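A lone chain, given as structure tokens: the form predicted on its own.
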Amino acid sequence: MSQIELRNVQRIFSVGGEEVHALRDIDLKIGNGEYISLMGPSGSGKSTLLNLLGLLDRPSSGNYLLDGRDTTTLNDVEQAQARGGKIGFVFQSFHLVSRLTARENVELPLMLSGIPIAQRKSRVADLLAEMGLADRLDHRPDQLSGGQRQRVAIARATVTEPELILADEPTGNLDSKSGGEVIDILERLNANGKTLIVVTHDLDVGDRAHRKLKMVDGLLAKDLRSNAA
């Protein structure tokens, strides 16, 4: 069974009284543990598709099956529960809480999930150590470099052990060295069985994926698999 299956998915927005077709007739299957890059020009539908896969948006028509369950039949609460348990998000702008330390930012999803304090503090400390941030636990975001902030963001996205990681331009605000370190971390997570989908404009980043999807005008124009996949 595919982890993700989209069937004839459309997403239409109303802008200034006109309909904008952000996604058109998308049919797509993604298996467990795949490593996919999602590329295309601005306005091609990449972010719309990523938001839909992350249950942050709903299709205007068609069906989105996640682990065999049709998410289009779920109410908002059920979608939020599915999102919290299965999906981790990594964003270009980090989206860290500025007044919280690295430890507190990563701990936040566990607090919301009701994980006991001793268990969550141990898990957070171990995870940040894996990210090379053992000496930055009590630093706020403004005391961290861009690469360090993105590693905190990855830790926050994965601390609940989701099966699917969605990364939207994760290297977009980073220099090449920091960006390479971030991609290395994401690839290690994929090697450990996580499904990884990366939206990127960077051809070098996109080419590292085992499967490359290209969007054009809301359409899935190309679906290429690497021989090394």
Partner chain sequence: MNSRDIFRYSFQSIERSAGRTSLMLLAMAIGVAAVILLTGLGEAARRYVTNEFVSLGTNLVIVMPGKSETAGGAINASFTGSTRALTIEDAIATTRHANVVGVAPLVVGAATVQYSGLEREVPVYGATKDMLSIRKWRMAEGQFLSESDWTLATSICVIGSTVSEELFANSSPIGQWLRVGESRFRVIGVIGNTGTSMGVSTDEVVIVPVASAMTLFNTDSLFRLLVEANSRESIDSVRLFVSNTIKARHHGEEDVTVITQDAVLATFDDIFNVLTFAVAGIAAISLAVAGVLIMNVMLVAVSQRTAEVGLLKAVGAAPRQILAFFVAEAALLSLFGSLIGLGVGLAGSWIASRYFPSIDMRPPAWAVFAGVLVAIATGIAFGIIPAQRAAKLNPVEALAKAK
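Numbering follows the first chain given and starts at 1. As the structure is a computational prediction, the values presented were derived from the model and not from experiment.
Keep in mind that the form predicted together with the partner chain is missing from the display, and what follows is about it.
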Can you check 187-195, 64-72, 50-58, 22-30 and let me know which stretch has heavy atoms within 4.5 Å of the partner chain in the model of the complex?
50-58
Using a 4.5 Å heavy atom cut-off, state whether residue 93 contacts the partner chain in the model of the complex.
yes
With heavy atoms only and a cut-off of 4.5 Å, decide whether residue 101 touches the partner chain in the model of the complex.
yes
Answer with yes or no whether residue 134 is in contact with the partner chain in the model of the complex, where contact means some heavy atom within 4.5 Å.
no
So in the model of the complex, does residue 84 come within 4.5 Å of the partner chain, heavy atom to heavy atom?
yes
Of the residues spanning 135-149, the ones with some heavy atom within 4.5 Å of the partner chain in the model of the complex are 140
